[in-house]
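Before any questions on how it binds or moves, here is one chain, the form predicted alone, in structure tokens.
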Amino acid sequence: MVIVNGVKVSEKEKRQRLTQEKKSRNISAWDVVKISRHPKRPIFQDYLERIFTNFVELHGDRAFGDDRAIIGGFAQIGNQKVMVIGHNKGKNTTEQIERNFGMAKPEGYRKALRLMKLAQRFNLPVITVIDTPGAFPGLEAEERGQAESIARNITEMANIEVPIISLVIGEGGSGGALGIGVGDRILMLSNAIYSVISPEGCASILWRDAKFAPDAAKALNITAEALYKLDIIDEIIEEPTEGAHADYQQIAANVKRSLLRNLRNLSNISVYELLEQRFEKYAAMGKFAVD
């Protein structure tokens, strides 16, 4: 049995639902990529304003500085207090430059980990919101330990003793996404993407030409539908037909409903069971059977 929108269903029912959703959507993986990058698509800031209350932002990694590509702090959703952390791309050119287009540096990941450990101290669930093309690949990031900071986050998140829900709202790019993406539940908007590499990057490696990006997008299985079928993510949150940018209020309501349901489902699990299930979840990824 598997969980779909909070309801137990059989594997057969899961496949039937996916087939029906695919027929009704009838869009290619490359179409989904383009929608996930729509300039008017809601960013983390928009969900913060519509879903969470009493947000208190916390700054700095206590080692180098404050990375504006990742923001986080204490907040409340419904009656539940949480620690919320996410990539924030910015709403206009000025903000995007300030926030480095959501591409975090090591201090961003170290700040995120500091906040997760703070949440653990106060026994608060953690919600991470993923929306980044990838971690910043610049020289200064490499000098300050980009790979180490992401690897440490992945290792440490596996052992955080409070529930973690990860939500992919737009682009979930490579290690930049994984640095805050080790969750007990991984939720994904229906027109978001989640991948080890961008379609353009994959096409440049495999075909030596970025024009093959649409082919790469299909081969990479980067859509919510494909990842759900592979049991990488746990739930698809449906967007308006045109995409999340068509109705901010509706998508915010859908996301809030999903977050609250998953928080309730995780709230009564003991720390031992939580860590065991988290380990089993990620240990199972990559295993497959040939029909």
Partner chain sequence: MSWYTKAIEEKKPQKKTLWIKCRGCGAHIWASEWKQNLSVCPECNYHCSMTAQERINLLFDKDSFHELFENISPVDSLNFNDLKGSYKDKIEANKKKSGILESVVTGHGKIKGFSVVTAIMDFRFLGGSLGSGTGEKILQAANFAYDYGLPYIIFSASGGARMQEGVLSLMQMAKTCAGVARLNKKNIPFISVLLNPTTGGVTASYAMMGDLNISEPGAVIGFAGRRVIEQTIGEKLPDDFQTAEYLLEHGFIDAIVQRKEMRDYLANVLSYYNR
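Positions refer to the first chain, counted from 1. Keep in mind the model is a prediction, meaning the values are calculated, not measured.
Beyond what is shown, the protein has a form predicted together with the partner chain; the following relates to that form.
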- prompt: Going by a heavy atom distance of 4.5 Å, is residue 252 a contact of the partner chain in the predicted complex?
  reply: no
* Just to confirm, residue 59 within 4.5 Å of the partner chain in the predicted complex by heavy atoms? -> yes
Spell out, yes or no, whether the shortest heavy atom distance between residue 221 and the partner chain in the predicted complex is within 4.5 Å. yes
Mark residue 98 yes when one of its heavy atoms lies within 4.5 Å of a heavy atom of the partner chain in the predicted complex, and no otherwise.
no
Identify whether the partner chain in the predicted complex is within 4.5 Å of every residue in the set 65, 122 and 279, based on non-hydrogen atoms.
-> yes
Given 255-263, 227-235, 242-250, 31-39, the stretch touching the partner chain in the predicted complex at heavy atoms within 4.5 Å is 227-235
When the partner chain is considered in the predicted complex, the residues of 75-101 having a heavy atom within 4.5 Å of it are 75, 76, 81, 82
